[in-house]
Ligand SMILES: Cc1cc2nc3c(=O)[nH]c(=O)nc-3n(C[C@H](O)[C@H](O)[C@H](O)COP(=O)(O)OP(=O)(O)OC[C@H]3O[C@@H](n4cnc5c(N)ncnc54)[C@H](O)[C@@H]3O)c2cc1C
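Here we start with a single chain on its own, the form predicted on its own, put down as structure tokens.
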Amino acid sequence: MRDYDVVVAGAGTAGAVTAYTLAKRGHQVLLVDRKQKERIGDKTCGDALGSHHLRELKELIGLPDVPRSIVEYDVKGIDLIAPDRRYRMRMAGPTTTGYSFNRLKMGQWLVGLAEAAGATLMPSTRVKRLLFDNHTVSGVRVTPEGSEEEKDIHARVVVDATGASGMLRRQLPEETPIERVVAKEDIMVAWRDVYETPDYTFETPEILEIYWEQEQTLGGYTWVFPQGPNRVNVGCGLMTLPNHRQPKDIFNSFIKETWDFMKTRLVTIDSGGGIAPVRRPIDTMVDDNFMLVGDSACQVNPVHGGGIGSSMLGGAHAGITASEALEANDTSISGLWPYNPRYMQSYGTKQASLDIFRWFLVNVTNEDINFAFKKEIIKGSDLLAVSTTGKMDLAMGDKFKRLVSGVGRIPLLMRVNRVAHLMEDIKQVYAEYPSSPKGLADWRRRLDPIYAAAKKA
């Protein structure tokens, strides 16, 4: 006996969009979240979303336009700033325009859409563990916050949208093809504050700023994202490499002492830390009666850690695929499998390519970055192309000009070229993602040497 067609554990952006997509198609959906209803959406985040994602979601699932009441400010571009802060590159294009928004209001809006479509919301409730029937996922056990009472809920499909912890993913049996554990080196830790700055006015609030500083935020960056002339989201994130520092310590000792606006009168709106995966998507995001979406599926940009748009895409593709599987009465791994290639084509291939580029960024020094910015070894147009397509394509004439500019750091140029080739290699592998579970093992074996080379590039 099934209580629901689908139980979605976690009402963040991915979970809410999954529930909305399924409920809109007429399925019985339960959306469970540990937070109180009025706090769903409250999360440590850069609070920015590209408009290209929203256009795609509107076409894919009919997502309504984002209400202007959610938007703090329109974003028109991103400035990437070298460690010495003397040079910057402007990225302005289809993938860098969008919105800086109120994260809580965005979450409330998405959950409201899911409820209006017919999904049932169960807030203030923890999903404790998966239920199994003959070694196959059959539901979840939940308990209300502050209570010892437990309840078993059975569903034809369970969706893990529990975030970076992947709480349900980690409970799968050893024989699952899903990667249950994400390596520490593929996790980013972050701290961010949101302030009003009554005595400081940002001159270009429509431009987000990202600062690279390898000694402070290795494998990450500091961000300064204005949300208007007198409001800002500022924070830092870094990979959890061996002996990494805590982001809150970096925030207090580096950011507060370095940026001028941090030395003025500040009114704190929000403050907190969090974690996010920064790697390619989980190789398969489905098993029998089970799916992953959002951070639990590692649907995050590996370079900047942004995951709102990509997790919403994941939720949309998961919802569409689960709906088709339910209608076909086949929620086995084979029935749910189309979700994998759909997401890989939509975003996952670019994500895997950016994962290669992430390791290049980990292995360069502040001096390398300063030199590359000064001599335009890497240009804003290159990074815009990487963010748009996951491809770094330099024309032959351009390569020669950069070779001349880069005399004195030929090894750096060689590494840039090597990384560009590896990014193309991984894109080719993802273009041949298996059409069924039978091809997964052979496909995975093609990934290993490419990523091993990337970590040394």
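Just count from 1 along the sequence shown to find any residue number. It should be emphasised that the depicted structure is a prediction, and the values quoted were computed from it without experimental measurement.
What follows is about the form predicted in complex with the named molecule, which we do not show.
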Which one of G274, P205, G107, P341 is close to the named molecule in the predicted bound form, taking close to mean a heavy atom within 4.5 Å?
G274
Can you pick the one in V286, L313, V127, A114 that has a heavy atom within 4.5 Å of the named molecule in the predicted bound form?
V127
Sort through 72-80, 367-375, 239-247, 299-307 and report the only stretch with a non-hydrogen atom within 4.5 Å of the named molecule in the predicted bound form.
299-307
Is every one of V7, P173 and L326 in contact with the named molecule in the predicted bound form, taking contact as a heavy atom within 4.5 Å?
no
Evaluate D355 for contact with the named molecule in the predicted bound form, applying a 4.5 angstroms cut-off between non-hydrogen atoms, and reply yes or no.
no
Is there a non-hydrogen atom of G139 within 4.5 angstroms of a non-hydrogen atom of the named molecule in the predicted bound form?
no
Can you check whether G294 is within 4.5 Å of the named molecule in the predicted bound form, heavy atom basis?
yes
So in the predicted bound form, does any heavy atom of R231 sit within 4.5 Å of the named molecule?
no
Which of the residues spanning 31-52 lie within 4.5 Å of the named molecule in the predicted bound form, based on heavy atoms?
V32, D33, R34, K35, K43, T44, C45, G46, D47, A48
